[in-house]
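Quick heads-up: it's one chain on its own, the form predicted on its own, in structure tokens.
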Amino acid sequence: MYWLSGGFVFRKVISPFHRLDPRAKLLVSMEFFVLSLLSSTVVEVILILVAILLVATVAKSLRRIARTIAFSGLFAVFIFAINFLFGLGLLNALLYSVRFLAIISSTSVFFVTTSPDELEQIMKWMRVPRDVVFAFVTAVRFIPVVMLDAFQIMDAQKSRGLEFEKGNVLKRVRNLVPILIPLVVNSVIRSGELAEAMESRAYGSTPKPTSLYGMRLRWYDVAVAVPSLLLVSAVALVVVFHVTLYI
């Protein structure tokens, strides 16, 4: 479980992809997302997934993307089973399940390689309201922390003799109470500390606060963004033209 939770925690890595402007990283992630939706065969989706893994290798985050894929594997199996049972065929069921993994991986590339500070900057650049930005970035920061707290509480309760795997479904649900109560208490305490920190820093007193760091497009950002955007646009035009001829 710790291995899976580590895939959702940002870690600063020195790599060519990490040095890109967050807007360029967002563009690459969106391009993979769009290509995953436009793909119509299993081979195309697999090629897109391989390309995502290559980008993750350049970003030195392949293991972390693999954790995300492993975490999403159960949902992909569920999607495959539902589509196959409803009579969509083996290839279509496999297409939807692999496409789901490609979509999850494309978004994971952005969040794994983008710090919360960069995420805040790009949301401000999009003119998102300040309170919405703060709430979203705070959630991004605290959700991995809450996950790690839950795993630590589970280990502590196991060391005290609490068994999670035994018994029927109702008993297993009741066994989660000793985990949820400390987790909720820790979250409430942490939210109170956050509110005090915000008040001590006079949050909201300045309508347009400045930032220590800013975003600036460099030549290698343009060198990545422009060719990739042209390539995706060409693929989209080919797909649209093919669909029009088919109709």
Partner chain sequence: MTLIEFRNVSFVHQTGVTALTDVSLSIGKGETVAIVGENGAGKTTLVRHINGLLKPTKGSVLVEGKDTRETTTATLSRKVGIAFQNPDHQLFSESVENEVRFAMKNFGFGEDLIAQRLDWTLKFFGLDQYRKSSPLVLSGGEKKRLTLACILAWDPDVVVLDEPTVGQDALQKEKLGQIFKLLQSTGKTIIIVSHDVEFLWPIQPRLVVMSGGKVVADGQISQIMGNRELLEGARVTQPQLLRLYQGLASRPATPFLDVLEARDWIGGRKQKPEAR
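No experiment lies behind these values; they were computed from the predicted model shown. Positions refer to the first chain, counted from 1.
In what follows, reference is made to the form predicted in complex with the partner chain, a form of this protein that is not presented.
- In summary, among the residues 85, 91, 170, 177, the only one with a non-hydrogen atom within 4.5 Å of the partner chain in the predicted complex is 177.
- Note on the interface: of 213-221, 48-56, 32-40, 181-189, the segment with non-hydrogen atoms within 4.5 angstroms of the partner chain in the predicted complex is 181-189.
- Contact annotation: residue 149 falls within 4.5 Å of the partner chain in the predicted complex, judged by heavy atom distances.
- For the chain shown alone, residue 124 is not a contact residue for the partner chain in the predicted complex, no non-hydrogen atom being within 4.5 angstroms.
- Using a 4.5 angstroms limit between non-hydrogen atoms, residue 98 is distant from the partner chain in the predicted complex.
- When the partner chain is considered in the predicted complex, residue 140 lies well away from it, no heavy atom lying within 4.5 Å.
- For the partner-free chain shown, nothing in 195-226 comes within 4.5 angstroms of the partner chain in the predicted complex, judged by any non-hydrogen atom.
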